[in-house]
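Below, in structure tokens: the form predicted on its own, a single chain.
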Amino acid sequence: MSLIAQDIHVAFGKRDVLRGINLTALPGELTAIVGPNGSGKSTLLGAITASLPFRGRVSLSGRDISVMKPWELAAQRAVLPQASLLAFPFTVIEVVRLGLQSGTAGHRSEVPMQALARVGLAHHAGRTFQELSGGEAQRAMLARVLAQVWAPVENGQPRWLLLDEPVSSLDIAHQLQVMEIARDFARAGGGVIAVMHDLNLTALYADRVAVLAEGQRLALGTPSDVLTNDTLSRAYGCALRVSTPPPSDIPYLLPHAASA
């Protein structure tokens, strides 16, 4: 039932971007991928989604994705890229319906509006996508992928959300909203893999965290296990101090506690 990436290598020309990365993500959990710019986070997600050529093996619920048909992959996982550009003036609801048609709930005409309501954009359903702000467009695309895998578990099989920097254009209230959506999807039995930059949101919402640096995995474990002074200082190349406020024991970082 898990999503497993084994010995993943990616090269752009002569430059090795990923060097033998292993990652196992479990349904029922939110797995975050963190690391500095250029560490290979989005590239790893690109390999996992088969949108980039790679060496190694990625399996989804025991099946190698290289032998799965596009419609089979679309029925099991939905991918939110960092940015989405549309050349035609689709309305917001039409964009979300594209996700519905790619998934397994195409017969449920009510799902697109429910997905838009989930991300707080139901009142924008009739607007064209190009009229939206950057943050609104990001949430509309999240509604699209939610519509694609609306049921976190279907016929006993978990569905997956694969999110590349899902909160990058959002204010803090909508960041929390999106992370709650991702966590709820996982709590309902689905699996979530999210590329993240915000370490505090990662600590707050992730069940497990993979820390990347220079194309390699430095650590994989719970936030408390891997978001440590040593691991993060090594990954980001600067001295960082992690603190935990009582009584939650959730790690957090303060900028004034970092030094270049």
Ligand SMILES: Nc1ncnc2c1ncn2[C@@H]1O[C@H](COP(=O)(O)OP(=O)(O)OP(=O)(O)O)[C@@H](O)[C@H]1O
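For every residue, the number given is its place in the sequence shown, counted from 1. None of the values given here were measured: they were computed from a predicted structure.
Note that the form predicted together with the named molecule isn't included here; everything after this is about it.
Student: Of 223 to 231, 60 to 68, 39 to 47, 24 to 32, which is the one stretch near the named molecule in the predicted complex, taking non-hydrogen atoms within 4.5 angstroms as near?
Tutor: The contacting stretch is 39 to 47.
Student: Classify E165 as contacting or not contacting the named molecule in the predicted complex by the rule of any non-hydrogen atom within 4.5 angstroms, answering yes or no.
Tutor: Yes - in the predicted complex, heavy atoms of E165 and the named molecule come within 4.5 Å of each other.
Student: Contact between T128 and the named molecule in the predicted complex at 4.5 Å, heavy atoms?
Tutor: T128: no contact with the named molecule in the predicted complex.
Student: Taking the named molecule as it sits in the predicted complex, is V17 near enough to touch it, meaning that at least one heavy atom pair lies within 4.5 angstroms?
Tutor: Yes, V17 is a contact residue.
Student: So, in the predicted complex, is Q82 in contact with the named molecule at a 4.5 angstroms heavy atom limit?
Tutor: Because a heavy atom of Q82 falls inside 4.5 Å of the named molecule in the predicted complex, the answer is yes.
Student: Who in 183 to 197 is close to the named molecule in the predicted complex, meaning a heavy atom within 4.5 Å?
Tutor: Read in sequence order, the lone residue that approaches the named molecule (within 4.5 Å, in the predicted complex) is H197.
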